[in-house]
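Form predicted alone, single chain, as structure tokens, below.
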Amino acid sequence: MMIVARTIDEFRKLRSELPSPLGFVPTMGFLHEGHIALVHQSVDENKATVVSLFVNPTQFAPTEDLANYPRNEESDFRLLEAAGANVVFAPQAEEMYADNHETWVVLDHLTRRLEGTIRPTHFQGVATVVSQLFHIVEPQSAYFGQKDAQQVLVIDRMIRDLHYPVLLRVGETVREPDGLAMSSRNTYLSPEERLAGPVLRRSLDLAEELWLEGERDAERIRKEMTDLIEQEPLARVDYVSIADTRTLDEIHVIDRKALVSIAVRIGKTRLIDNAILPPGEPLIARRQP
């Protein structure tokens, strides 16, 4: 039977009874098949699995959608129990952040690229809450989805720099039948906007096709992708990036593994997606903690 813990003290009492290895899937709830695929992966690879449900306020800017972020805890619990999770940690914000909270995890380089240029405080909130959760949950493995590739690279760097004994496992992006990456924010799309959403995947497919045809000029691929996206009247490009997977610095010639990232606004909804060149390469190499 799955158990729900609401406080850190409640969870820590349960933690001592959980067998190792322990897998951990951090989420903000409103779960979809992408989240559940990570839970299944953890269940398959560990003796126990913990999932967190926490809409982390510190990764939202004042202008972003914290108040309206979709939530459905009852549905989440049903899905997690069916998937085989052992414990759900579902704290309130005041449990994680005291009124006088002033300790933050800040990464200097990776967080200033891509999403960090548009959401400058976002990754400070992400890294801080994941650091807290690692201390509370004490997992041997943690599971993140590749759709949030920059987040994966930030957490990977934090694990290495702060010497967390955690193995980072990255699940493939789970997609709708038409190619749109699954995201809790897809619910914001109107029916017309939803039809426009797959343009992101089509642009990534184009990048892969050009690379397979021998194109290595990153600027040409960026331009071709941008031109394709802009053919969709409801789409507005925030960025199209081809960057070094280690640093997220933009590259001119694709002579190493590269992360192709896009952020596109469909109506008022901002969607992100990515692919790796060469196709089929992992975002990060698997290694033991």
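We number the residues from 1 along the sequence you see. Because the structure is a prediction, the values reported are computed rather than measured.
The following text describes the form predicted in complex with adenosine monophosphate, which does not appear among the structures shown.
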Contact at Arg15, Gly23 and Val166 by adenosine monophosphate in the predicted bound form, all three, heavy atom at most 4.5 Å = no
request  = Let me know the one among Val50, Val260, Leu38, Val264 whose heavy atoms come within 4.5 Å of adenosine monophosphate in the predicted bound form, would you?
outcome  = Leu38
request  = Consider the chain as shown here, without its partner, and state which of Met28, Val237, Ile251, Leu234 has a heavy atom within 4.5 Å of adenosine monophosphate in the predicted bound form.
outcome  = Met28
query = With the cut-off set at 4.5 Å between non-hydrogen atoms, does Gly145 touch adenosine monophosphate in the predicted bound form?
reply = yes
task = Would you check, heavy atoms only and a 4.5 Å threshold, whether Val174 touches adenosine monophosphate in the predicted bound form?
result = yes
task = Decide whether Ala85 counts as a contact residue for adenosine monophosphate in the predicted bound form under a heavy atom distance cut-off of 4.5 Å.
result = no
ask   = Hey, in the predicted bound form, is Met182 touching adenosine monophosphate, heavy atoms inside 4.5 Å?
value = yes
ask   = Among 194 to 202, 210 to 218, 146 to 154, 76 to 84, which stretch has residues whose heavy atoms lie within 4.5 Å of adenosine monophosphate in the predicted bound form?
value = 146 to 154
